[in-house]
Each structure stands twice: as structure tokens, then as C-alpha cells.
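Here you get one chain, nothing else, as C-alpha cells; it is the form predicted on its own.
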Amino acid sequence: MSDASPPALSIAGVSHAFGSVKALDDVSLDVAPGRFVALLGVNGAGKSTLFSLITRLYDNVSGRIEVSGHDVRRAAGPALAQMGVVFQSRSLDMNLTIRQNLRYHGALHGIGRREARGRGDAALERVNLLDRAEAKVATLSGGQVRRAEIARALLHEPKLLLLDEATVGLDVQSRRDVVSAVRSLATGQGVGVLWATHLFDEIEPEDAVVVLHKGRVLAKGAAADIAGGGRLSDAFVSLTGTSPVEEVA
């Protein structure tokens, strides 16, 4: 990856409010190409609001958000074309096969049927799901559905992959499989990943971490550095003042 390549995602000085309630307060962070970055925060921290601003579901009126060098306000089309998104809620058509879902997504991006088939199979292979390409989504396990959604998000070959609490509701092994697949995409395909989570066991010591709490960034850096030789969960409690029983466990 060239040093001249722009960040997959660059956020600088972004704030957002809903009426008198400030959801985000001067948030800044970067995701480099090929880097897995964990956005760590409890429910209500502002993670989903930030994702909504990046994807243009909400309009950012302060600060700057760029995807692969494209400002999401001034060049929304090129910016959106460079991102793949997996939201917390399921979004595949359960009555279609995985391959049919990918083909439909390809059509939305102007990708022809034959090309969509090739790209789709390549994406499914990356998430170890090619052997289930003709299976209806309704027959898949929760982890397989998530991996199929990741494959769909990769179909148009984005530079940035956003995942908002992508493992919610999955069993431990399925969560591990999904996280492993995403890490492989970052290291093997050079995709920048912003992984929003509240689960500490999804974060490795070498991962870049952004701690978001009540709309503010409280810490940024390698997980091991933030943990300071101890447990990341303990450092998180110290930074946020949250109760490990009520919010962190």
C-alpha cells in the first residue's frame, strides 16, 4: 500500500445534536487502508450516530468526513461508492439465495449479471461461504448470515468497510468466525475497517482502538497501550466511569 494513499476514513471535528442533546462532540479519528480499527463504546455512546453521518443517513453540519479522500458532503456519490456497510439489523432477503442477494446488490451498483457473479463468488470465498452460495438465506445460521452480508458489502470493491455491532445475537464461535473473516479482509485485501463494538473479547492487543463515550473520544491508540499492561475492560471503566455490572459486562 502506497504511503501516498489517503486514509480509508478520515473524521475531523465532527459534532452532532438531536435538539438539545449532543450525540457527538468534536469527534476525530482515522482508519488507514488495511487497518482494523475498533470503535469501542457502550450503548448510547454515539457509535450508530457516527455511522449514520459517515453513510449520509444524517447530514454532518460540523467538521469533516472523508472516505478514501472524498468528502461525504461535497462528493457524496464517490464517497459512498468507496464504502461497504454492515448495519446491526439484518438486511438480506431471507427468501432469496445468497447469490441472488449479491446479484441484486450488484444491479443497484450498476454491475452486470456476469460480473456480479464473479465478484460475488470471490467475495464469498473470502468469507469462507462459497459452498453455500445457492442456499436460501433463511436456512443459514446467524454467523453465516453475517458473513454473507459482509460479502455483499464487498461486492463493489470498497476501500472502507463499516460494521456496526455486527456480532450482536451470535454465539461465541460465530462471533469469532465473523471477526476473523473481517480481520483477514483488512490484512489480506487492504480494506480499512471500522468495527463498532461493546465487546472487549473482539479486540486484540495490537488493534487500534477509539474509545467513544457519551459522544466524546476519550482515548485513541493501540489496545495494549490503552490497557497500560492491564485489562482493556479495566482501563475502559477507569476512562468512562461506567459500572462493569450495568454497562460493560
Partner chain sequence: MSLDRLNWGGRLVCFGGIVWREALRFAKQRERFLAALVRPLVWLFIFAAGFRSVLGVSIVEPYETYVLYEVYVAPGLCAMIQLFNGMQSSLSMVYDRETGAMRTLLVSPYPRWFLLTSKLMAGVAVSIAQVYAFLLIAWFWEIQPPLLGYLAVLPALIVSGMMLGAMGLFLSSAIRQLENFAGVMNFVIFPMFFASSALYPLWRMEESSLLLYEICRLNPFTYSVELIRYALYLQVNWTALAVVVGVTILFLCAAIYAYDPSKGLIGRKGKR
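None of the values given here were measured: they were computed from a predicted structure. Numbering follows the first chain given and starts at 1.
Although it is not shown, the form predicted together with its partner chain is what the next lines describe.
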query: Options 122-130, 91-99, 172-180, 137-145; stretch whose heavy atom lies within 4.5 Å of its partner chain in the predicted bound form; finding: 91-99
query: Partner proximity in the predicted bound form: R56 to its partner chain, non-hydrogen atom cutoff 4.5 Å; finding: yes
query: Any non-hydrogen atom of G110 within 4.5 angstroms of its partner chain in the predicted bound form; finding: yes
query: Partner proximity in the predicted bound form: D71 to its partner chain, non-hydrogen atom cutoff 4.5 Å; finding: no
query: 4.5 Å heavy atom contact, T167 to its partner chain in the predicted bound form; finding: no
query: Contact set, 149-185 vs its partner chain in the predicted bound form - heavy atom within 4.5 angstroms; finding: R152, H156, E157, P158
